[in-house]
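Given next are two forms of a protein chain, the same chain in both, each as structure tokens and marked structure 1 or structure 2.
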Structure 1
Amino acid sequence: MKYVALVYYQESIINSMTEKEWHDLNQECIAGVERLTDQGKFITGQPLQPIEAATTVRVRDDEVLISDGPFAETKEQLAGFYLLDANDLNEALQLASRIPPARFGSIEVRPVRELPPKD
């Protein structure tokens, strides 16, 4: 079954890291993806640019509304995602617990909802 692991952290914590600490964290993430791939558990994933690069799009009454920044002001920001292939929720949670940024923030795990076939 597919699960998405959404990575959240406070960008202020990341921004306060030294260049070496940031590099080391990224290397840990790369090694983690390699491990998940070797186990056949990693489908895809990507880190995201900081929230300053975000744009929110809303459509209300056929009018497109565009605003700079994320949809909601939150303590932690969405930093990236992993799409995992796990046998069940317990395995997905166990895999998510090894995602390095979990030490600084949180990993939200959700089952993927499959769309019905096209008519």
Structure 2
Amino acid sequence: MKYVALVYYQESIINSMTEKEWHDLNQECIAGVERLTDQGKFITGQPLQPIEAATTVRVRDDEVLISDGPFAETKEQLAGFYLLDANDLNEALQLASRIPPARFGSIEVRPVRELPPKD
């Protein structure tokens, strides 16, 4: 079986961290990924940029609706994810608008964040 582990937290907790605490957390994550990789358990994973960088795409009546911010409809549940390789946000939004559930749900497009180099 394959499983997706989704990571949630309040960004305010991260924002109130000292630089040292943030650095240590990143290093801990890097070490964790290495451990999982050694065990042959890691397929892929990627931290995301904060929600400020998020954009939501919906398609209704064949019209692509783009809005600032993360998806906020509490009636909708997470149903899947795509990791896309796009030149810029315009291309990413174009690709996202062709994901079929965009016609009745929402696709949140968020740039990934690269982990800092290992110490």
Partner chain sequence: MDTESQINDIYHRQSRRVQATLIRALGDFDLAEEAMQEAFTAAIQQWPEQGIPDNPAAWLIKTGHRRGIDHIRRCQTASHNLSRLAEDTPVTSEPDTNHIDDDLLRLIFTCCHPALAVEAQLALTLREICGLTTEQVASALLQKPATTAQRIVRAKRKIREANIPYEVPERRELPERLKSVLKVIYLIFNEGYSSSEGDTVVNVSLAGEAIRLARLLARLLPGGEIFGLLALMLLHDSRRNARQDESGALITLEEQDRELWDHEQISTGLAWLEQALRLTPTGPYTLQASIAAVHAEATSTEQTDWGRIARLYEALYRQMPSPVIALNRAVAVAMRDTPEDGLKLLDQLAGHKAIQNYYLFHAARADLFRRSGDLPAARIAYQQALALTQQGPEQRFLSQRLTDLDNA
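Residue 1 is the first residue of structure 1, and the numbers go on in sequence order from there. Everything numeric here is computed off the predicted structure, so don't read it as measured data. Here the rigid core means the biggest group of C-alpha atoms that line up within 1.5 Å when the two forms are laid on top of each other.
- The form predicted together with the partner chain appears here as structure 2.
- In the core-superposed comparison between structures 1 and 2, R98 has its Cα shifted by at least 2 Å.
- A displacement of less than 2 angstroms separates the C-alpha positions of N26 between structures 1 and 2, with the rigid core held in common.
- For A53, a C-alpha deviation below 2 angstroms is recorded between structures 1 and 2 after rigid-core alignment.
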